[in-house]
Ligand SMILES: Cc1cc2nc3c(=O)[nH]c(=O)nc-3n(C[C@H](O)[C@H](O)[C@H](O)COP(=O)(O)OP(=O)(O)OC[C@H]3O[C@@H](n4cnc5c(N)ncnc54)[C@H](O)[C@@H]3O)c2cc1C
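Listed next as structure tokens is one chain, alone, in the form predicted on its own.
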Amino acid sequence: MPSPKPRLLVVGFGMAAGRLLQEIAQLAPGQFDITVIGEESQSAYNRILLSPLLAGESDTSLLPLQSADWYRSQGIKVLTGDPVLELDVEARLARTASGSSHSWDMLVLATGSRAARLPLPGRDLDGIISLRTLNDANDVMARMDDARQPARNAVVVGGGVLGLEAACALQSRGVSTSVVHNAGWPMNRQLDSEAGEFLASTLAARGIRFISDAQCERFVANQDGQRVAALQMGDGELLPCDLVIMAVGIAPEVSLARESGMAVSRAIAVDGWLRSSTPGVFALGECCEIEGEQFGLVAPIYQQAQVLAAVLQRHAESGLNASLTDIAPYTRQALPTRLKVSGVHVFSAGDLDDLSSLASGASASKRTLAWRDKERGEYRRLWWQGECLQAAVMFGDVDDSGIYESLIERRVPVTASAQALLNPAGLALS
């Protein structure tokens, strides 16, 4: 009689879990008895498309990562809208909000993250939304399309990638939008100040007001005291709004892991093979951290899914004490950033944490080069150390950004003049 398949329980059903199931289906089809449990009512979908959905540039049919038929064909049991509330790691048992129980031989936590919210007075007023889920996006669209009281003035709190995508989407739908940001320029973690100025000017040309170095004081209620009517700034200015999008970052969802006694810092601590401190329990995606690194971009999470699929297969074949030394662990990536807004082209790549020291020109081995065309709205700046390109920021024309990305990732010496560095077609690689 054949031995039963190992029971694999996946808690959380976002993009990380969806990609992991796809990797397992390709690497080890039919090898596990898989159950995946999600808090949302939908199966895994592409959250990256939520902003285009708001802008009317996409539709819900494009969101799902896989069809219901695909999960059935893979023998994957899908449970949605019933979050896991308790883990018993000794008994290897998970209990959901509905009271159902699910056993595991191996457990994967893919619980993702929650949207962070500023702890301001009035933060619980109606109309203040964190654009994190499909339900959030549907809520925003319903408010814009409300025939009785449509949203006409919005404030986006946070000038990072998500906040700017949301602001452009709202403005394109006829909602007068302002962005308030606690730094000197938009996307300050990805762009230098000059690229940020180009981006702020582009936002202004679209009718979006950008308020830098903003200090938010409180949300002001309307006459009935229930719905947001304005955001009061530190200088006393009131920004009228009947809709607020909070885009101030994420907080890893680690409550289940912490309550179960797993090692948790800011996120669930795992090694390069995605193993938590509890044997047989793994974590990936936004809920985990590896050597202090946390994750919010798709590319590293998809790499983790590939690694974890191989790890799970090895354990299924050889037990939890099996050696993993021949399986390449997750390795840190210097990932590029692109703003996904129609008509706005922004690119940055490389180790941007060192930009200030590089820009200072402190030594001959550290150099920076910039080119700008204000009439055409184009800008690029390159930083390199020795002969190796270390970072690049581009605004406007980003068609050749892939060349810079490759140079930074490969860390190969670049033997080129300054003019050639700004015209990658003329680059000569050693």
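From 1 onward, residues are counted along the sequence shown. Just so we're clear, the structure is a prediction, and the values are computed from it rather than from any experiment.
If you look for the form predicted in complex with this ligand, you will not find it shown, but the lines that follow are about it.
Remark: of stretches 230-238, 291-299, 194-202, 309-317, the one touching this ligand in the predicted bound form is 291-299 (heavy atom within 4.5 Å). With a 4.5 Å cutoff on heavy atoms, residue 53 does not count as touching this ligand in the predicted bound form; it lies far away. This ligand is not drawn, but in the predicted bound form it has a heavy atom within 4.5 Å of residue 48.
Shown alone here, residue 171 lies farther than 4.5 Å from this ligand in the predicted bound form, counting heavy atoms only. Heavy atoms of residue 187 never reach within 4.5 Å of this ligand in the predicted bound form, leaving it off the interface. Taking a 4.5 Å heavy atom cutoff to this ligand in the predicted bound form, the contact residue among 268, 179, 305, 256 is 256. Contact with this ligand in the predicted bound form, defined as a heavy atom within 4.5 Å, holds for exactly one of 408, 414, 15, 25, namely 15.
Site residues 11, 38 and 113 are all in contact with this ligand in the predicted bound form, judged by any heavy atom within 4.5 Å. In the predicted bound form, this ligand lies beyond 4.5 angstroms of every heavy atom of every residue of 390-410.
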